[in-house]
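Only one chain is included here, represented as structure tokens and corresponding to the form predicted on its own.
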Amino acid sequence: MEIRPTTDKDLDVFVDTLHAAFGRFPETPAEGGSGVWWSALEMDRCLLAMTADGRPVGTAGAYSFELTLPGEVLVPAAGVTAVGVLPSHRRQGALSAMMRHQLDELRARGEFLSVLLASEALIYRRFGYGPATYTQRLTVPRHQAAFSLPRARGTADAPATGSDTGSVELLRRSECGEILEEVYDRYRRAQPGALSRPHRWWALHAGQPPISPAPRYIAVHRDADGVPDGYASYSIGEPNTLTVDETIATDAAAYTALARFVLGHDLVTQVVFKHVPTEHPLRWQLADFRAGEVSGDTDWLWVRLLDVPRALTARGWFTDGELVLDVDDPFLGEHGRYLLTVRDGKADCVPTDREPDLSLDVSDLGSVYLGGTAPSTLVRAGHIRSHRPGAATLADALFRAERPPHCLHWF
């Protein structure tokens, strides 16, 4: 089995092999090759697994993203994608060989984080990835969509429910590409767990709505000065259901105004918000708390640390403290023990021979890294071993983020 890098000339072979691995047939791209998700593939970051007689049997790729860490820190992250092996060649080591080759390449590029969306949860933990952000679907019947009256005055972080002084404008997707790109970029820079959407994705219409050319209505929120600061992308289908692909807002007032707009739409029986962060306040804003039915609670972004000290010193921190982490990386055959010291929002992380406070797999470190999974949860689950009383409680305080991490981007 040979694992080799690809070039632009390999695009058709790569796409055909990937689709065959999943039993699908490729869509027909629009003129110029845009409008399909794979039009944004970076062929200099893709791999093909080849048999001895030169037949392609597996694929793996990566995108160049920025990931927002706690503390509004932006760092490069490889977005692993397009991973597949033909049914005829599974369980023969092709996938493991590609993943190991890819991790070596990422390190050679100087990258210390990689992320992915896992098609199957059982596959990627063994390669060192852990679920780090979560999302859920919220369904609200139209007749139960009334908002409650605010019981507290607004703050800079959370304006009161009825305090919005902006406006909402309805546009078609084809009319507002630049607005979507600009608003999303402002949003993702402040949201832990969010990924960048490179300009070429928007230009090529690569991905899911509202990036793709699929017809959508866009509710654009503008602040009191007329500057766009939020949008909701939606469509209406049977049975009279309004489905919101994503709601992007740079503050709570804009989000609330957009939610009010779609929940007030005539001639629909229910509104479905496809991607709502856990602990989002929308359910609490409804007069009837039970009106918001949560479903599809699932993992989204998985994180893998390739350089533990670099990763831990890159993010922002909100509590001072000191922990010794004993980290095992069985897939790469590596093991390290690190002293993590946090002072005034910055961390220092160095190798140590001190006794550990916590022992954990690199996949579990990926899960807690963005603040979306409490270390104590993984201690109780038997994933992380705590060696002294209070270590898990301190780890919870250290690894928390300013707000729950969330990722909307599909890749």
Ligand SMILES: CC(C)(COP(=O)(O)OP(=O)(O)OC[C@H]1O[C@@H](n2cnc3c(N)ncnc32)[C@H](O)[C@@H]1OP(=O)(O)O)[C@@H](O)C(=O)NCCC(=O)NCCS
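Given the structure is predicted, the values throughout are model-derived calculations rather than measurements. Residue numbers here begin at 1 and follow the sequence given.
Beyond the structure shown, there is the form predicted in complex with the ligand, which is absent from this document and is the topic of what follows.
Proximity to the ligand in the model of the complex, taken as a non-hydrogen atom within 4.5 angstroms, holds for one residue of 123, 168, 236, 73, which is 123. Screening 319, 295, 269, 119 for any heavy atom within 4.5 Å of the ligand in the model of the complex leaves a single hit, 119. The candidate stretches are 183 to 191, 80 to 88, 319 to 327, 242 to 250, and the one lying within 4.5 Å of the ligand in the model of the complex by heavy atoms is 80 to 88. Although the partner is absent here, residue 398 lies well away from the ligand in the model of the complex, with no heavy atom inside 4.5 Å. Although the partner is absent from this view, residue 15 stays clear of the ligand in the model of the complex, with no non-hydrogen atom inside 4.5 angstroms. Taking the partner from the other structure, the ligand in the model of the complex has a heavy atom within 4.5 Å of a heavy atom of residue 92.
Using a 4.5 Å cutoff between non-hydrogen atoms, residue 22 counts as a contact of the ligand in the model of the complex.
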